[in-house]
Structure formats: C-alpha cells, structure tokens
Ligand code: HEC
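Given as structure tokens, the chain that follows is alone and in the form predicted alone.
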Amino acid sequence: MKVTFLITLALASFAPAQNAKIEELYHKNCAGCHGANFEGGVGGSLVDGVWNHGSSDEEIYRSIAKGNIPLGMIPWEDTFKPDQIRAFVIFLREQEKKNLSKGQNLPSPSLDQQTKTELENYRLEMVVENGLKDPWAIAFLPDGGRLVTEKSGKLRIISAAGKLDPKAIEGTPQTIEHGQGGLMEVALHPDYAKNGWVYLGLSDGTRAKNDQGKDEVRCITAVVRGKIKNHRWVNQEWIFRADPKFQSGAGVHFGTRFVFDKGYIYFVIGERGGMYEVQDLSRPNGKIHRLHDDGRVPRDNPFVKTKDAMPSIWSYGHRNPQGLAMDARDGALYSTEHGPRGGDELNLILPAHNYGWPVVTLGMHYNGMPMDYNGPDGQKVMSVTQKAGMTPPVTSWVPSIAVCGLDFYTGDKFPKWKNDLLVGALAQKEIRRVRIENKSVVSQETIFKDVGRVRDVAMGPDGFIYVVLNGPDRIMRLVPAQD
C-alpha cells in the first residue's frame, strides 16, 4: 500500500464510537493524512490501485490492523474491532472502484455497432424494445419462440419472428407482487417437446386488508408447473409450496432460479430477510432445494433422515441467490448470491454444505455499519469472514455488483467463450465473463456495460446470448461480429 494508511501518532489516542458508520470513522481518523477524497497527502492515495504492501483484501486488512510504524502508520487493531476493519476494506474497495472506473474503457455496446472484447467481438440486436414491464426471466420454445415473465404476474410470448404478443397467457397462478417478489423464473422441462411442462417460480401467499384498512401481505417463493394450450395455463401442479406459517411480510430476498439435471430440479428460495433463519433446517428460506421434477423428494437428499429438517434441502446458509447454472463439463452446480454491501458471491453448490449467512459474510450493512445479526438466543452477534464448517465462495465481488442471471455458454457462435460462465449484474449494469478451470475462477472480464440493469442472461438454442434488461425494460441479444 502506498505509504500504507499513514496516520500520525497523534491520532492514536482517538477512540472512535463503536456504532459509528464507516464513512464517519474514515473522515475522523484517516482523512487528515489520506485526504477527504482519498487522494492522498502525507499518506498515499487510497484509490489509485497501487498498494505497496499487498493488494488483496487480507493484506489490506493486515496493513490497517498491524500498521507500519517505520512509515508512520500506527496499528489500529486495538482501536477498531475486526468487523470495523473489514468494513474499512469494503469501503476502500468501493472508493477505489469508483475512481478507477473513471478512466476505464469498458465495452458499452450500441445497436448494430461492433463491440470488441478480449476474445470475441459482437453486435447488439434488439429483440423486444417496447411492451414489457419488469421482465424477469426468459425461456426458449422449440418453435423459436420465447416465454418471458413479468414481475407483476404476467407470462408473455415472443414469436419466432420476434413479435411480442400483446395478450398475456391466461389463467396463470395468482402471484403476489410485493417488494422484490412477483412472477420470477420460467423454464421448460428438458423433455418439453414431449410433455409440454412449463415451470414457474413465483411469490405465493395472500394479500388482505388489516384492521386499519391497509394491505397486509404474507408470501414466500414457490414452484409450480403447468402447460400452455390455446393461450391458457392448464394442468397446473405445485412442485413446492411452503406451509403458510413460513410466509413473511418482508419485501426482500425471494431468490429463485431453476436448474434441471437427470430428472431433478434444483431451485432457490431466498432468506426473505430472515437472517439467522437460514441456519434452521426446519425452514425453507435461505436454501437451495432439490426435488424430482414432479415434486417428489429424492431419497438420497442429504437431510432426508435429519429430524425436523425439510427433506427438500440440498444446501443452506444462503442470503439471496439470483443465479443458478450447471457446468456441462462436470455437472458442477454454481450460484451467484447477493451479499449485503460488499461481498457478492459465486458459490460452488455441494450437498449438505452450509454457505454461512449471516454468520459468515464479506460484506457490511448498507448504512456502513459492520454486519451483525440476532443469534439463536436473541443476542446480537457480529459476523465473521470465515468459520470452520462453513463453505467460502469460489470468488466474490467487492464492491457488490448485484449479481443476477447466470448461464454457461456452450454454443458455437462465440467459440472463444466456450464453457465460460456469463454473470449478469443489476447495480453495475454489466455482464461478466468468468472462466472456470478445475472449479476455480482463473479470469474474468466485463463484456457488456451500461445498457440497462441485467436481470437475466441466457444462451439461446441459436447460440446467441439473450439479455433481459430492466430500466429500460427490453430484451436484446449478442450476435457475432467479424473484424
């Protein structure tokens, strides 16, 4: 780190309030040497990407905690708690990213112009420009058409010619649009051409007037399947529908996404703001579940014989996964999971593994306070960054990019991207191309930036890459472009 956190010894006696936000702690303790805008002064810049004493999160943490007395940087481990030092690392990463991105020339494509990336060049084509409201997911029909969900509860059809049917499918299950929830995922059964099954992930529950005349909502993510005949939803069957006692009035973290494999369906239920509830195996939220594709519980699920555990649970300790995809090369299952402020994750999903939330996290509260939670005994507990028995992510993004749709590219239109993972991001409005070898991330690249919030990214049967965008609401696709 460039003259790592050079703080004068005169500041050593300052004891910061333990409930102070990280921005306040920086300006009271660090700005005098490193500048109010992190530009440097007596101490070096903290946002130029130069870290003379180690650039990893762990090395920056150690520099803050242990200091460097010969260079005038005092150790802060007796002043700040470990979770506060971790919050400093997140905060500095956010500022560094913001500063460095000013000079970056990331690929921000426009219609019909060639966009160059490290390995492939592409053009951006419009699929549906108008008529959609809050589209969430896309699925591809055998005839070349597509199904698209809208958060409000509508299931829409796009023809093979690219025309959006103005009329939604009739008779779809009641959806409770509430906060981040609504009609979310759509996917076809792998044998759709033979059986016609369409699967939906939605917010299921009730909406009623309370004694004060206000809407009172209770809901949780559910999975249902049905068939589409004569523009109607028919033959409906619930695949997973939680007991109403697990429904919540919270408007956050519904999760959802599907993967089919060998007769099984894997799906996500977010933690619904329940925090420590995700560590409770008797509850469905904060879990990735595995069932037979008709809703039956597989006998080899990891918690089938665990007392009081939900038998559908495959893994637990998840916050808000909104991406789920399987690597065709080895059958490895991956999810992308929203962290709090800082610490979005890519996880390799393994049966019975605990992914830690909220006991373990790389992030902090959105208000800049270190992460804490109410433990099982109701006492306030501080999160840690690692703990025995809890599985760390394959990689993480600090600052958060707000990960969303996820798909492996297995087509032939972009051969140099073969088997790479495409990661959509809402807040950063981008698609990351992530290369995985031997279940480890070896490189990543931003290939798409600032066209809209990327809600879903999926490879179509034609080998093109389809992108579902919010703000503006539309669907576009990436097609190859030659030099």
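Being a predicted model, the structure only gives us computed values, none of them experimental. Each residue number is its position in the shown sequence, starting from 1.
What comes next is about the form predicted in complex with this ligand, which is not displayed.
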property: Among the candidates Tyr199, Phe80, Trp136, Trp397, the residue which, in the predicted bound form, approaches this ligand to within 4.5 Å (heavy atoms); result: Phe80
property: The single option of Leu71, Met390, Ile169, Leu333 touching this ligand in the predicted bound form, heavy atom within 4.5 Å; result: Leu71
property: Within 4.5 Å of this ligand in the predicted bound form, all of Cys33, Trp51 and Ile60 (non-hydrogen atom); result: yes
property: Close approach of Asn29 to this ligand in the predicted bound form, 4.5 Å, heavy atom; result: yes
property: Contact flag, Leu46 vs this ligand in the predicted bound form, heavy atom cut 4.5 Å; result: yes
property: Proximity of Phe408 to this ligand in the predicted bound form, heavy atoms at 4.5 Å; result: no
property: Heavy atom of Leu422 within 4.5 Å of this ligand in the predicted bound form; result: no
property: Which of 84-92, 305-313, 318-326, 238-246 sits within 4.5 Å of this ligand in the predicted bound form, heavy atom basis; result: 84-92
